[in-house]
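Take a look at this single chain in C-alpha cells; it is the form predicted alone.
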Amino acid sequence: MKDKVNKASAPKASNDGVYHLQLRPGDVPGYVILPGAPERTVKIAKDWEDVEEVAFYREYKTVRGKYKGMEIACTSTGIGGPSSEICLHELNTIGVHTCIRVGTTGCIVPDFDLGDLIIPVACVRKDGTSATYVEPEYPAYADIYVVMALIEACERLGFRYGLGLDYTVGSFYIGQGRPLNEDKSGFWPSFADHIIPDLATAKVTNIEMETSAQFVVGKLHGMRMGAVLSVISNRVLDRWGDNGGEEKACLAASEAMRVLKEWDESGKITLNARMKKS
C-alpha cells in the first residue's frame, strides 16, 4: 500500500484538515475572532457557553462556543503578518467569511489612554506581508459594516472607544522607534528618531503589528475584516499598562459578531452592495 502523499501546493494535516490550523470544514462557524496570543482565546471564550478547544498547533489555537446563543469561534494568529496570512487563508479555505482582530496597540496621540479601545478604519501598510500580495498603493481598510458593528457593540457595552488610523509595522523595536538599548548604544539608524513624530504629523493614531496584513489578505480572499485594539501604551504620555482594556476588547468583538449576525439574518446588509434604483 502506497503511503498517502499530499500536494506540496496545498498540504493537509494528518486529520485531513488545513495544514497549520488543523481544522476541517464545519469545525468552526463563519464568524471567527482573531486574537494574536493563544492564551487570549481563553479570555475571549470566558463570555461564551458550551466552550471547547477544537485544535492547537504551533501558535494557532482554535476555540468554539456560543455567545448569547450565536455559534462563534476564535483562532489565535501569532505575532505579525506572515502567521496572520496563514491563518486567514486556511480559515477562508474552510468557509470562514467574517473576522475581527482583537489585539493590543501603542498609541501615539494624547486622545487615548490606557484601557481605551481603538477601532481602526484604515492602516498604513508597513507589515511586509501584504506587499507580497498587491502593490503598496492598494489600501488596507476595514469593512464598513464590521466597523459599524464594533461601534454598536462599544455603545451597547458602555466602553470608551474611538476610530483610528493605524500604522502596522513588521517590527516591535527599531520599526516602532524603540532603541535596542535604553542608552541608544548599538544599532540605531537616524530615521528611527523620526518615526513617531512623522506618524503623529500624518494624523496616525496608533502602532501595532498585524492589522494591515489582515485587512489586505482578508479583503483579497473576499472576507469581511475589522479590528478592535486595546491601548496598552501611550508613547506621548510614556505610560504602559492594560487597565482592563484587553478584557473589554475581547467582549466588544463577541458582541460585534452578534450584531453582524443579526444584521445578516435580517437582510439589512449583504456582502455585495447593490445600487438602489431611482
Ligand code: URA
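Not measured: the values here are computed from a predicted model. Position 1 is the first residue in the sequence shown; the rest follow in order.
Below: the form predicted together with this ligand, not depicted.
One residue of Ala153, Val102, Cys87, Ile207 in contact with this ligand, assessed in the predicted complex (non-hydrogen atom, 4.5 angstroms): Of Ala153, Val102, Cys87, Ile207, the residue with a heavy atom within 4.5 Å of this ligand in the predicted complex is Ile207.
Which listed residue (Tyr138, Phe191, Tyr133, Phe172) meets the criterion of a heavy atom within 4.5 Å of this ligand in the predicted complex? Looking at Tyr138, Phe191, Tyr133, Phe172 one by one, just Phe172 meets the 4.5 Å heavy-atom criterion.
Against this ligand in the predicted complex, would Ile232 count as a contact residue? Criterion: heavy atoms within 4.5 Å. Result yes; Ile232 sits at the interface with this ligand in the predicted complex.
Any non-hydrogen atom of Phe56 within 4.5 angstroms of this ligand in the predicted complex: It does not: once this ligand is placed as it appears in the predicted complex, Phe56 has no heavy atom within 4.5 Å of it.
4.5 Å heavy atom contact, Gly177 and this ligand in the predicted complex: Residue-level check for Gly177: no, no contact with this ligand.
Decide whether Gly128 counts as a contact residue for this ligand in the predicted complex under a heavy atom distance cut-off of 4.5 Å. Gly128: no, not in contact with this ligand in the predicted complex.
Heavy atoms, 4.5 Å, this ligand in the predicted complex: which of 87-95, 69-77, 103-111, 141-149 makes the cut? Say which one. That would be stretch 103-111.
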